[in-house]
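Below you will find one chain, with nothing else, as structure tokens; this is the form predicted on its own, and questions on how it binds or moves follow later.
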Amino acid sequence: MKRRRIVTGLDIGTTKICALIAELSANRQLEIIGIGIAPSHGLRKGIVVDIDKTSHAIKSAIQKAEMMAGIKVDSAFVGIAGSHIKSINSHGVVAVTGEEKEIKKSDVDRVLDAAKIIPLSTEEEIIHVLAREYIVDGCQGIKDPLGMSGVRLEVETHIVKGSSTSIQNLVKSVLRAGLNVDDIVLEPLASSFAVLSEDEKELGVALVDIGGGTTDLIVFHEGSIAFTSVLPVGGNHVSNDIAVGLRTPVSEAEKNKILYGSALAEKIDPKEKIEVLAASGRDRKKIHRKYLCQVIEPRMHEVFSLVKKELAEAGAKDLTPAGLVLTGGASLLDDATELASGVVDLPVRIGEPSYVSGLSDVVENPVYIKRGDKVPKAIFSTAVGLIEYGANFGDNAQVENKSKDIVNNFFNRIKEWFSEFF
């Protein structure tokens, strides 16, 4: 009997930890069999600031997913984001070896290694080396050069790097939760696997993943990554603005944002009122719903203005005729797409993974309020993308990931540290 292949994705966010367990069938079809969500209290702007709290939240999410799936898992593909993430485009060139001058995997590996020669501080590590295109003897636009003949092989890459300390703390948190790390994956890259079509990537599209602490931006053009960026503002900033503006606890602000919030205050009936918990936590007061939305709109306008600025500075706006795809928790605000379209001057749609609807109905919901008795699917975009990435790892020629080397090095050091205590 053929052994089941199980893939686990772990989205470690500022607001929530989301764990997904999926089974990969013989014909490479994915079926999600377990989902677990837990509130996240150990991160700030996507960076681990409390390892114990983060590891406990990870363990809670994993246990819920395992209970639903009826199996135990020992490793996961882990998403990484945060303000420490930076990226750079790089070029590599090598001579093709061998008498027949046929490009082999060793030549591809060498040219990618050549592209990795970039300025790195002692506190930085390379997370991804993403091949945008290969060039063989001046012939451009090649996606996979294996087997081709030539004497000169070049590659254009997009390299993602991050803080060594932040990566180590993320890995430590996962290890303390009892899991190994299959790979570390940039979260907007993972989300792109779940919510973008190949046609959109080929035409040119920007994915905007609005998380709790950060907003992640990734641009595809002609099927390859052209640009990535992490903006230090997200849904938590909206909730904090509401808490201050309405003088209410942050938890109540988050609830009212989801239930009654809109990114366009002008569309709200000025007579409509809602009840809000006072800062004391005991009394309730009535306010106009429009006032709530007047607090929300400026912050959401800021998010989309920063996206517009990033696209303009990178020269990427002209590369995105397919427009913007919004995903992540804060993208679910009413009228967010309309506001984004007006600010960025591009067509906008919401991006959701397509096959989590059944299980999302039965998920415990400690972070997001269900709408119509359903958990919004956009909150699963990164976790589903991690599952997709894991299922295709090693088969997708577009992604050349070197983060496993980082993880293995961390494992060796961290396990030595742990052995001193256990």
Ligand SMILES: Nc1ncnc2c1ncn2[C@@H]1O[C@H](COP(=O)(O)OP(=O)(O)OP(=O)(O)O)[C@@H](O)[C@H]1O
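Each residue number is its position in the shown sequence, starting from 1. The model shown is predicted, which means the values in this text are computed figures rather than measured ones.
Note that the form predicted together with this ligand isn't included here; everything after this is about it.
- Query: Would Glu254 count as touching this ligand in the predicted bound form under a 4.5 Å heavy atom rule?
  - Reply: Yes, Glu254 lies within 4.5 Å of this ligand in the predicted bound form.
- Task: Examine Thr214 and determine whether its closest non-hydrogen atom to this ligand in the predicted bound form is within 4.5 angstroms.
- Result: Thr214 belongs to the contact set for this ligand.
- Does Ala65 reach this ligand in the predicted bound form if we count a contact as any heavy atom within 4.5 Å? Because no heavy atom of Ala65 falls inside 4.5 Å of this ligand in the predicted bound form, the answer is no.
- Is there a non-hydrogen atom of Asn236 within 4.5 angstroms of a non-hydrogen atom of this ligand in the predicted bound form? Asn236 belongs to the contact set for this ligand.
- Query: Tell me, which of Ile258, Leu339, Leu130, Val181 has a heavy atom within 4.5 angstroms of this ligand in the predicted bound form?
  - Reply: Contact check passes for Ile258.
- Note which of Ile210, Ala194, Ala206, Val78 lies within 4.5 Å of this ligand in the predicted bound form, where distance is taken over heavy atoms; exactly one does. Checking each option against this ligand in the predicted bound form, the one that comes within 4.5 Å is Ile210.
- Could you tell me which of 331-339, 165-173, 345-353, 271-279 sits within 4.5 Å of this ligand in the predicted bound form, going by non-hydrogen atoms? That would be stretch 331-339.
- Task: Counting only non-hydrogen atoms and a 4.5 Å cut-off, give the residues of 67-81 close to this ligand in the predicted bound form.
- Result: None of them.
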